[in-house]
Structures are given as structure tokens and as C-alpha cells.
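One chain follows as C-alpha cells, the form predicted alone.
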């Protein structure tokens, strides 16, 4: 059963055509720099040999989607429907839903919570309905997995009328990834796993506390700014910092928003880059700011893992995933050392191995089992499409 998965960003459009039964991928790629000079389409397909790159103008998402149509049709594979990753589902998407005129309107209605993403995602859904008129579309919201966490975890201590009027609560993000991390970890550990701390660590990072497949808490909040230190996001800080910067520093709300989302995090701490690989190189060259950036990342991640553990009343395993979690042995070891006091131990040789498979990197005497789980959001989205349209 084949499904086309679309992941639209403000200036990008990723796609993947795959078989949910065999997990075979027939085509995948990314249309990058949409609306920006130097745009191109990079892709792989069973219809051609090797990686392909098309240096073509992409003035808008509709133009990018037309290239996706050509690439998908060249495979000769039909598909049952299209799954769309939507960053913010708000209060309308506690689970994935088939696209209708009404549900598409909901994606736009909650867009103020994720303006850089939802508007573009809604536009692409409309484009796909036009370009593939005979295919159903499904919204898979990143917030859905977190929607039913306990009220004590998702509610903010603000006046009730304000909370209800503006739908203010913890929504979280990366839910599709966390859902896959649980699924893969459970397949690997079987009956030994009930409570998992899922660690999605990339340029955007979040943790989730998962009990027997159900999310109990997560680190991102109303928006993806909350929680861990990230590539360019500051993570959790005193909320009065915003007021102070506006009142005493003369910053506008938009300037503070840009500062905290795009100019902070590892970029601000290291002073050189938001990319962990660059920071690792800086540490090797003796840069104290780079060392501080990683030390703070380890410390904060360890703290928030303990918050997740509290919501689970203890945990059996933790799983590293996403760009940094999957690919940086240094980061994994640094976080694990923050948790040595509670018996977390990583085998250095296992930690150094690179693989596309789920693997355990903890020592036999570690009190918590530590996994590395390459995430696969496209597969989870495709499964939802198959369930709703198949």
C-alpha cells in the first residue's frame, strides 16, 4: 500500500513515496530555498540512478509541488493518498484527520501558534488537492501525540478566562517522531519496556515521557521555544525576561521573538555556529565558549530528563534520536554522564558505532537501558494515511 508523504516548511518541501507494508521507498527528496535565489530540487528515485539535483527556480510552493508530481509519476507507482505533516494542530487535531474544507480551515485557524509553518502547510494541502484531484489527503499534526497528556501537565497557571479564550496550554512538538521512537523502542525491548524518555535532539529538540505508548508530558510548550537549549532557540527562561528586554532594552516584541528563536541557543553560547559539529570542532581547538555551550546543553538535558522521569514515576529506558541524538556520540556521552549519579552508563565502543538500525549503547550494569533510534516520521505519517484511507 503506497502513500505519498509531504512535509512543507516556510521555504522547503520534503517528500517521500513509500510502501507502508514493506517500508520500501520509491522516491524521496527536498525542494529547497523556495522563494529564494539558488533554489533546487534534490531527490532519489527508482526511476533514475543515483542522487539527482535540479537547479531550477522555485518561486512558490506550487512550482515546487509540480516537480514532485513529475518525480512521483516517473516511478510508475500509484498511491492511495497523501499525508501532510502539520506542525501545529491546536485544539482541532487530537488525532490525524482526513482533509475537508472544514479541517483545512482549522489548519489556518491555529496558524498563529506556528505562523512560519502552518500557513505554508495549508497552502501545500490546497495545491495537492488541485494537482491530485482523485487522492485523499490526511493531516498528521505534530501536536496530536501530546494532546491528551494529563491536565496537570498541560495546563498553565494563568487566569482561567484567558486560558480558555486563547486556548493557551502545552501543545508540544515532534509528536510524530516521539510516537515512532516509542514504537521502535518497544519492538526492540519488548516486555522490558513500559516507561520511556524519548530524546528527539536536533536543531529543534524536545523530550517526551511515554508510558505504554501514551504521552504523559513533553518539554516544548505553547510553542516550540520552550524546554531544551536548541540550535538557535534559548529554551526555557524566566518569562519576565521578555518584559525586561522590552521595557529596559527598548526591543520590540518582534525583535525579542527573533532573538529568542533565531539568535539564541547553541549559536549564542558558542558564538560560532548552531551546528553541533562546528561546536565539537571548536572544543577540540580549545574554544571555552564552545565547551560552555555543550556543558549547558548536557546539564539542561539531564535536568529535563528528570522532569520526564517524575511524570513517569521512574523509567526503564531512554532513546536518543534525530540529527544530534542519532549522529553525535559526544552529545550522547555528555548527557549520559549527567545521569551517572542514578546509574546510567554508556558503553564507549557501542556509542561510537554508526548504524541506521535501532541499537542499545548502555552497559550491562546500567540501571537504565539506553538506545539510539533513527527516527522515521514519514513512516508514521504513512501509517496514519493507510489507516484512514486504506
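Nothing here was measured: the structure is a model prediction, and the numbers come from that model. Residue numbers count along the first chain shown, from 1.
Although not depicted, the form predicted in complex with adenosine-5'-diphosphate is the subject of the following passage.
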In the predicted bound form, do 227, 301 and 335 all put a heavy atom within 4.5 Å of adenosine-5'-diphosphate? no
Can you work out whether residue 328 and adenosine-5'-diphosphate are in contact in the predicted bound form, taking contact to mean some heavy atom pair no more than 4.5 Å apart? yes
Although adenosine-5'-diphosphate is absent from this view, report whether residue 271 comes within 4.5 Å of it in the predicted bound form, heavy atoms only. no
Residue 221: touches adenosine-5'-diphosphate in the predicted bound form, heavy atom cutoff 4.5 angstroms: no
Partner contact for residue 322 in the predicted bound form: adenosine-5'-diphosphate, 4.5 angstroms, heavy atom: yes
Which pick from 277, 152, 165, 214 sits with a heavy atom within 4.5 Å of adenosine-5'-diphosphate in the predicted bound form? 277
Proximity to adenosine-5'-diphosphate in the predicted bound form, single hit among 81, 204, 282, 90 (heavy atom within 4.5 Å): 204
For the interface check, one of 283 to 291, 179 to 187, 195 to 203, 242 to 250 should have non-hydrogen atoms within 4.5 Å of adenosine-5'-diphosphate in the predicted bound form; which one? 195 to 203
